[in-house]
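Before any questions on binding or motion, here is one chain by itself as structure tokens, the form predicted on its own.
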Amino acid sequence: MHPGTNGIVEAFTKQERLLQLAMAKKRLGTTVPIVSDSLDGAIVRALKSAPNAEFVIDKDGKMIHRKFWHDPAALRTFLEERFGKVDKPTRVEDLDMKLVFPKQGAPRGLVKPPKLPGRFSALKTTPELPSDQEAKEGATPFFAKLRAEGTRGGNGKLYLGFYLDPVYQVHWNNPAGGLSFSIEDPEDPDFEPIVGQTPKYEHETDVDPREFVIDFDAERGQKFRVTVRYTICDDNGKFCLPVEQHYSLEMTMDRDAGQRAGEWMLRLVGDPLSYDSNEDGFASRDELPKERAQIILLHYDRNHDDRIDKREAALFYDMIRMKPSEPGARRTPPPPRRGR
């Protein structure tokens, strides 16, 4: 739902989806079964679901509860009212889950995201995959995956972001020439291709997205072909290879493509440490705005102790690749100091 968060991007194949789920399970340290939706989101569509929805289904298969946004405390209350209390309700600490974020083989955070001029919406992009299943399994993976967005309001801007899929454990080889792309109109031989190239980076490797914002005027529904070329190396030193891949880009809003994390998410949850009124280094639930405390804690509070520390805030900023102090990010104003 928020591609690019923690480096995760939309899978292009069933195998990639399962690899991502396995990686998520390992990172979460959980034994809870995870069910994979189909690539076209059939389950989400059938349930008319939201990114963080909750459902309770009884033993007869009847849905008896649904909520747009998951709230653990409210869910516990519902279950107790409907079925009665239990002697020993499961607590988060009883699950013994340990978040594990493996170290990257190459650094991240070296290439800053561009500031976007206005609001952008996802466009329909389709990777050119082999139609034959056997050929598809033997094809070079889409190590880098395209995210295309167009501006709302028609000011003719196009965002192209190429995100490395972390399941492949690869990094960019910057000395090999970086990433280049071209956009062509297969139906118009007179269309002059639009091309782009990453700048020369001083560092040799990283895993940051390669992002471009370009002038681009096109009609709604018009289709283009995007070609991307880059050199990739795996983190274990087994291979480095040049890659050329292709996409179909349609100038139509993709309502199922979610929304990238970034400035809007920072505006949604703000900088929790600005609410640390007693200056103890933590932002606790009672210090946060009452009407927004739950959503702020859901995004920041990794150990579920109802307070946020500097490390948890740093993990969130790393996840969305933006900090409150950076240009384009809006810092939540601190509340008035209470008297002591």
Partner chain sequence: MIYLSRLSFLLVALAVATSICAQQSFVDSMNKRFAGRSPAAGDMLPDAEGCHGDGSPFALKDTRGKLTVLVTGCLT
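Please read these numbers as outputs of a predicted model, since none were measured by experiment. Numbering follows the first chain given and starts at 1.
There is another form of the same protein, the form predicted in complex with the partner chain; it is not shown, and what comes next is about it.
Trainee: Wondering, does G281 line up within 4.5 Å of the partner chain in the predicted bound form on heavy atoms?
Mentor: So G281 does not count as contacting the partner chain.
Trainee: Would you classify P51 as touching the partner chain in the predicted bound form, given a 4.5 Å non-hydrogen atom cut-off?
Mentor: Answer yes; at least one heavy atom of P51 falls within 4.5 Å of the partner chain in the predicted bound form.
Trainee: Would you check, heavy atoms only and a 4.5 Å threshold, whether D37 touches the partner chain in the predicted bound form?
Mentor: Yes.
Trainee: Heavy atom to heavy atom, is H203 within 4.5 Å of the partner chain in the predicted bound form?
Mentor: No, H203 is distant from the partner.
Trainee: Counting any heavy atom within 4.5 Å as contact, can you tell me which stretch out of 74-82, 120-128, 245-253, 186-194 lines the partner chain in the predicted bound form?
Mentor: Only one stretch qualifies here: 74-82.
Trainee: With the distance limit set at 4.5 angstroms and only heavy atoms considered, check whether K14, A42 and H70 all reach the partner chain in the predicted bound form.
Mentor: The answer is yes: all three residues contact the partner (heavy atom, 4.5 Å cut-off).
Trainee: Since the partner is left out here, which residues of 48-66 would have a heavy atom within 4.5 Å of the partner chain in the predicted bound form?
Mentor: Going through 48-66 in order - heavy atoms within 4.5 Å of the partner chain in the predicted bound form - the hits are K48, S49, A50, P51, N52, A53, E54, F55, V56, I57, D58, K59, D60, G61, K62, M63, I64, R66.
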